[in-house]
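Form predicted on its own, single chain, as structure tokens, below.
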Amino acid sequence: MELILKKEKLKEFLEQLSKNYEIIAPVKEGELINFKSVKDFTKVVMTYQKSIKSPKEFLFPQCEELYKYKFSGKDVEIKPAEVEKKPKAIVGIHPCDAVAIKILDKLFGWDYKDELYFERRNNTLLISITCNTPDWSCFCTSVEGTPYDADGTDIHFTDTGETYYIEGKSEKGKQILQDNNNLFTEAKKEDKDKVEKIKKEIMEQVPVKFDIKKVTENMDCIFDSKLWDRISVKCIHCGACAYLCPTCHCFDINDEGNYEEGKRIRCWDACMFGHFTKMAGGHNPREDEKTRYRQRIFHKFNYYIKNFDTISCVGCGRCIAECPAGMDLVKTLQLIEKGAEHE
């Protein structure tokens, strides 16, 4: 299903959608773009380079309650957490962030199915948009992605200038487009040709920066390489890379309360934090930057592939653009591509 929506009708489309969904969309805050719950649809920014954070927090919150508990003698009353029932529509999500959600699906549905995550996931409509203006730090094409790949979303937009070229990707998405067909016109051959030209032009803006197959093939050979000492020395273990990453999913679980009642919560954690692997007895198997940074890279480009047959990186470039120490993941992967003999 390919349709055309005039840009002046976007607001009306979102208003119709908001009757059944809470709208989450990119808005401008100062110089930054962030995904927020939106009611004033004139503030929605559909064409942007990169949001400072990915929208994963609407499926996997930074902190969330798992359940409450209350002691009564020897008995314990457990009250599971409840997820907000109103469906959400995440609008204007870039292809890299959409692919990241598919990667998270595999993790949260692995050996244990995370019910809270999937309750949100199944209650969320994903509307993606082609990334017309890639950022300097983007490298999606190097990790088998594209700026226009809408795999895993329900509806996909492409900005063609005066209009949006719209594709229904899932049955749910196609139904929504059909329910609002008075807003659209059928796409013609010239519209499709224009979109193909746009895709080609965008691809030229995101050249492949390394051979990902060589990177993954070399990973097992460089575990003890000296290059980790050289690469990791700049890291200040702030955790910004993990917190901004759309595929990072590490969390810690804690109890808050007293001897009568409390709640169990989970919050994002980061493998770059010094205490991340510290054990109760005080031992820390990754007490230096080298071992922590190596773990991060191996997790994304080795361990995740072995477990899920996919790379845990979508090339969004946030970790490069926002690292206060100027660490560059692309340069790290280029070194790995060359192999340990180039230490």
Partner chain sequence: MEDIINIARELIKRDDIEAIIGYEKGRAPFQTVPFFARTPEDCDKLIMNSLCVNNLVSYINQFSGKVAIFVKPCDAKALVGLLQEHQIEREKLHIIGINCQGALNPKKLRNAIKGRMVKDWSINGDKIKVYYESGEEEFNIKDFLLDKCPACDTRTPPIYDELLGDEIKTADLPELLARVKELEKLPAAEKQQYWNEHFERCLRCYACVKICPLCYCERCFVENASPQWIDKSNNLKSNKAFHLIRAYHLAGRCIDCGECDRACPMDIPLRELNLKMRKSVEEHFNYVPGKDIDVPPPLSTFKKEDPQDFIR
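Computed from a prediction, not measured in an experiment: that's the story for all the values here. In this text, rigid core is short for the largest set of C-alphas that superpose within 1.5 Å between two forms. Residue numbers count along the first chain shown, from 1.
Beyond the structure shown, there is the form predicted together with its partner chain, which is absent from this document and is the topic of what follows.
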Handout entry: Full three-residue contact with its partner chain in the predicted bound form, heavy atom 4.5 Å, for 97, 104 and 176
Key = no
Completion exercise
Note: its partner chain not shown here; in the predicted bound form, the stretch from 122 to 130, 241 to 249, 180 to 188, 145 to 153 having heavy atoms within 4.5 Å of it is 241 to 249
Fill in the blank from the handout: The one residue among 162, 111, 256, 75 placing a heavy atom within 4.5 Å of its partner chain in the predicted bound form is 256
Practice task
Identify, from the list 169, 209, 194, 88, the residue with a heavy atom within 4.5 Å of its partner chain in the predicted bound form.
Solution key: 209
Problem - Contact of residue 31 with its partner chain in the predicted bound form (heavy atom, 4.5 Å) - result: yes
Exercise for the section: Verify the contact flag for residue 221: yes if a non-hydrogen atom of it lies within 4.5 Å of a non-hydrogen atom of its partner chain in the predicted bound form, no if not. Expected result: no
Problem - Contact flag, residue 265 vs its partner chain in the predicted bound form, heavy atom cut 4.5 Å - result: yes
Exercise for the section: Check whether residue 331 has any heavy atom within 4.5 Å of a heavy atom of its partner chain in the predicted bound form, and answer yes or no. Expected result: yes
Fill in the blank from the handout: Checked 309 to 334 against its partner chain in the predicted bound form; residues with a heavy atom within 4.5 Å, sequence order, are 320, 321, 322, 324, 325, 326, 328, 330, 331
Exercise for the section: Please check if residue 122 moves between this form and the one not shown, taking a CA shift of 2 Å or more relative to the superposed core as movement. Expected result: no
Problem - Residue shift check between this form and the one not shown, rigid core fit, residue 258 Cα at least 2 Å - result: yes
